[in-house]
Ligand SMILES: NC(=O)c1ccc[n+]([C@@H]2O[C@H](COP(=O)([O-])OP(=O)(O)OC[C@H]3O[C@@H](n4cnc5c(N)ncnc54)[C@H](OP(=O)(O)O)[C@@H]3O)[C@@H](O)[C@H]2O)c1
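Before any questions on how it binds or moves, here is one chain, the form predicted on its own, in structure tokens.
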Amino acid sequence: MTRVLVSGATGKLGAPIAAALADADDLTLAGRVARSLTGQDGFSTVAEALAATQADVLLDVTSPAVGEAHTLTAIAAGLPVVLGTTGLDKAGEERIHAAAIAADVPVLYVPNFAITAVLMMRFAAEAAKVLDQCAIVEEHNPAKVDRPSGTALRTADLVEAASGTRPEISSIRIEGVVANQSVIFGAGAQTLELRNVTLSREAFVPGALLALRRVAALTPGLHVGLEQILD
């Protein structure tokens, strides 16, 4: 049984993931972490939770401002980490990778837990080998902090690696949207559009549980994308 600490457990993504752990046969909730939690309800800091529990892995779905710090704290304690907080910059990735290598710990950074979104990115990388004109349109609710989204940036990285050209990204923030993205390719008198639509945050739960099950099998260091453990 893998014991999971969920940091950001009261948030829009953390809450359904924490609830899903109760129904999993091979995963269990070791503790919930959020600034509003104390006592029997949970812990207000990751350090406090690590000291009071026997967790096997940390899932962090907080915010860009604290996700890196939480990850480094868990690495120092020897725990694998699934980092689902987007907005991490390249310097942050390098700091986490260096710390994880030094501590012999794997970290999986997941810009998007939706399996359909991962497939969209994979298909986009394949299309970019043939079609080098590409644009990305990402749509999120106004509460989304980072802009462009981590999914859009990851998609752009994959397209650029395949085609040599980095696509333009357009960001839309509008009420009623959870998380949608279109990747549009153009060629002479034709276009190809790959679109992922997320109807609720429940869509992210299966991917998050999959990441928690498989992160410990990764090599030490930082790994980016759910596709690292999807096959």
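This is a predicted model, so every value here is computed, not measured. Heads up: residue numbers just count along the shown sequence, starting at 1.
In what follows, reference is made to the form predicted together with this ligand, a form of this protein that is not presented.
Candidate from Val215, Ala9, Leu222, Leu21 lying within 4.5 Å of this ligand in the model of the complex - any heavy atom: Selected residue: Ala9.
Of the listed stretches (128 to 136, 157 to 165, 89 to 97, 144 to 152), which one has a non-hydrogen atom within 4.5 Å of this ligand in the model of the complex? Contact criterion met by 144 to 152 only.
4.5 Å heavy atom contact with this ligand in the model of the complex for all of Leu13, Ser36 and Val66: Result yes, every residue of the spot touches this ligand.
Should Thr62 be counted as a contact of this ligand in the model of the complex, where contact means heavy atoms within 4.5 Å? Judged by the heavy-atom cut-off of 4.5 Å, Thr62 is in contact with this ligand in the model of the complex.
My question is simply whether Pro80 lines the interface with this ligand in the model of the complex - judged by any non-hydrogen atom within 4.5 Å. No.
Using the partner position in the model of the complex, report whether Val110 sits within 4.5 Å of this ligand, counting heavy atoms only. Answer yes; at least one heavy atom of Val110 falls within 4.5 Å of this ligand in the model of the complex.
With the cut-off set at 4.5 Å between non-hydrogen atoms, does Gly84 touch this ligand in the model of the complex? It does: once this ligand is placed as it appears in the model of the complex, Gly84 has a heavy atom within 4.5 Å of it.
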